[in-house]
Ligand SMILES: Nc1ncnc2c1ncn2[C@@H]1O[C@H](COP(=O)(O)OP(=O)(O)OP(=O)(O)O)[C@@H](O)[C@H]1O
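Heads up, the chain below is alone and in the form predicted alone; it's given as C-alpha cells.
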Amino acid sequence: MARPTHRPGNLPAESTSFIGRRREVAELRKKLLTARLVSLVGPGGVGKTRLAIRAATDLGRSFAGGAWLVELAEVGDPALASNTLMAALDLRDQAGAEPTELLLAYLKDKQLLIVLDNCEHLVAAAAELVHAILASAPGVRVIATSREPLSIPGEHVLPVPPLELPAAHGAEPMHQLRQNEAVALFVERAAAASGTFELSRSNQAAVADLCRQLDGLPLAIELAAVRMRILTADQILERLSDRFGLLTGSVRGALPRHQTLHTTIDWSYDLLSAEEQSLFRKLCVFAGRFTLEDVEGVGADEVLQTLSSLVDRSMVVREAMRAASCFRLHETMRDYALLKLREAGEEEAVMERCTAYYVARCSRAMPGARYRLAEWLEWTELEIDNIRSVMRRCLNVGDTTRATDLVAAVGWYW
C-alpha cells in the first residue's frame, strides 16, 4: 500500500465552516502573486486569522516547503519573536547561536509561506523580523495579521472590514437575506449552538437588526449566536444595550482575549498610548460620522497625528467624502469608549463641550444657509446623527433652550 504523502506545514484544520470573504480571499491570493508581504489589518474579532489560514491552506500547495502558522498572541517579550518562529518551523535552538541568524540561514533557500498571526503587540519586533526574512530569503512569502500595519518596505496592506450587512429590519427577500455574509454566519452558528434554530419570516427582522447592531463583527455575531441556546433573536436584540455583559464566551479553546467582546477590545485599547486612549474615549460623543474639525471642536487640540494613529490601529474607521475625509466608530467601539469615558470621570465635561460645539456651529451656519443651500445640506446630512444626539441629550437633562436653538438652526433641513 502506498504511503500517504505528507505535506509540510503546521496549519490547523478548520473546526467550523468558513463563511463569506470571497472578495478578500481572492484579493489576498492576487496580491501574493507579486507581493512577498501582505498584512491583513482590521479590528479585533473581525476574522483576520481565519482569513489568513483559509488563504494559506489554499496557497500552501504552491510552496515546496508548505505553509506555516506562527502564533504571536501569547508572546509577551519582543525578543522572543524569532524563537517563536523557529519553534513553529520545528527548528531546534543551538547553544550559543543567535536565533535570528539560525532562522535566516535555514530560510535562505526555502520556498514556503509564513502566516505571522497577531503582530500588533510586538509590531516593531515583528516588522524587524519580517524585513530581515524578506531581505535574506527570496523564496519566502509572509501573510501578517495585525490591528495596524507593519510599515516596512514591500508591505501590501489588505484591510479586513466587518462582514457585509443586511438591509435594516430584514427588508430584503428571504433568499437574499440567507446569502448575506453576516446573517449566514449567525444562522449557521446559532443552529450549531441550539440544534434547532432556522431563519424564518418571524425572526428575519430581529436577526438582520442584530447583525447590523453588532457591526457585522464575526466574533460578536458568534458570541451572540451562542446565546440562542436560551434566548430568542428578539430577546438578544433587546439586551444589546449591555452588549459587553451579554456577549461573553462559552466556547472552550478560544484565546483568552476572544472569550468576551470586552476583552477583545481591551487588548486593543491597552496597546494605545495615553494620548490615544484619551482621544478614543472622547470620540464616543459622536453618534455618527465626524470630521477632524468636529474633534477639535469638542476640546481636543492638535489631534491629527493621534487620530491618524487610531485609524492605523483599526480603532476608528475613515470614510472618504466628496470634499474631505470623515470618520466614525463602529457601534461596539462607541459603547466601549463610553464605558471608558465614564470610568475616567470625563463624561459630563466632554458631553457638555460637544453640546456647546454643535449649538454654536449650527447657529453660525444658519444665517447664510439659504444662500448656499446645497453646501449647507451636504454638511447637515453628514452631521445630522450627531445633531440629533445632542438634541436628545439636551431634552434628557431639561435643557430645552439649547434643544430649541438646535431645531431652529437646522430648520432648512427639516
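Rigid core: the largest C-alpha set superposing within 1.5 Å between the two forms. For every residue, the number given is its place in the sequence shown, counted from 1. Predicted, not measured: the structure shown is a model, and the values here were computed from it.
A second form of this protein, the form predicted together with the ligand, is not displayed here; the remarks below concern that form.
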query	finding
Within 4.5 Å of the ligand in the predicted bound form, all of Pro43, Val46 and His330 (non-hydrogen atom)	yes
Close approach of Thr400 to the ligand in the predicted bound form, 4.5 Å, heavy atom	no
Distance check, Ile19 to the ligand in the predicted bound form, heavy atom within 4.5 Å	yes
Partner contact for Arg212 in the predicted bound form: the ligand, 4.5 angstroms, heavy atom	no
Contact test in the predicted bound form: Arg147 vs the ligand, heavy atoms, 4.5 Å	yes
Candidate stretches 191-199, 132-140, 217-225, 267-275, one within 4.5 Å of the ligand in the predicted bound form by heavy atom	217-225
Sole residue of Ser82, Gln204, Asn118, Thr306 within 4.5 Å of the ligand in the predicted bound form, by heavy atom	Asn118
Sole residue of Leu113, Ala337, Leu185, Ala300 within 4.5 Å of the ligand in the predicted bound form, by heavy atom	Leu185
Did His330 shift 2 Å or more between the shown form and the other one, C-alpha, core superposed	yes
Flag for Leu113, CA shift 2 Å or larger between the shown form and the other one after aligning core	no
Is_shifted Ile265 between the shown form and the other one (CA, 2 Å cut-off, rigid core)	yes
Closer or farther: C-alpha pair Val311/Arg23 in the predicted bound form, relative to this form, given a change of 3 Å or more	farther
Inter-Cα distance between Ile221 and Met315 in the predicted bound form, nearer or further [3 Å or more]	closer
